[in-house]
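One chain comes next, on its own, written as structure tokens: the form predicted alone.
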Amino acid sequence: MNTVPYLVAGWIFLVGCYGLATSRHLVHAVGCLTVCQSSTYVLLLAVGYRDGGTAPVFSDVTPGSRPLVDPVVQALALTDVVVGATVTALLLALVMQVAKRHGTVNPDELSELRG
């Protein structure tokens, strides 16, 4: 088992979290959240990877002759991409509404959000 993809996924996640913590612009924060979510793509690819594995959709593969990759992990990765794009689009639309209503996208200048 190779641990490099898991370390890369963790590093990407931490870079995105650092960007979220230090962001002074809402669009930058949305981009950093997207980077955090992209670490899940790497993690899912690492979980589903098999050395010499082939797709299980071919009919010429006899059971047990060679390793097959898990199609559920591939479906989860595809679903993760679609959900990530949807969440990013929704957050960017919210940032546009905040910019229209308040005239700024700097979270420090949004006085209505202070508790």
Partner chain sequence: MSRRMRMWVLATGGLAVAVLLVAGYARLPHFGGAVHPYGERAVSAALARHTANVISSVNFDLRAFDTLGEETILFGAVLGTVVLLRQTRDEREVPPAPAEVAPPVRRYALIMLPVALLTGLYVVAHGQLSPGGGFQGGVVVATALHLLYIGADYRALEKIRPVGTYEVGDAAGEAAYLVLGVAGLLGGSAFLANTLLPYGTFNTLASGGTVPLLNAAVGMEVACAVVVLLARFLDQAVEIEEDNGSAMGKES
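Positions refer to the first chain, counted from 1. Computed from a predicted structure; not experimentally measured.
Missing here is the form predicted together with the partner chain; even so, the following discussion is about that form.
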| residue 47 within 4.5 Å of the partner chain in the predicted complex, heavy atoms | yes
| task | Tell me, yes or no, whether residue 68 is in contact with the partner chain in the predicted complex, where a contact means a heavy atom of each within 4.5 Å. | result | yes
| query | Taking 4.5 angstroms as the cut-off for heavy atoms, does residue 22 touch the partner chain in the predicted complex? | reply | yes
| message | Taking any heavy atom pair closer than or equal to 4.5 Å as contact, tell me whether residue 74 reaches the partner chain in the predicted complex. | response | yes
| note | Near the partner chain in the predicted complex, with a heavy atom at 4.5 Å or closer, the residues from 88-103 are 89, 90, 92, 93, 94, 96, 97, 100, 101
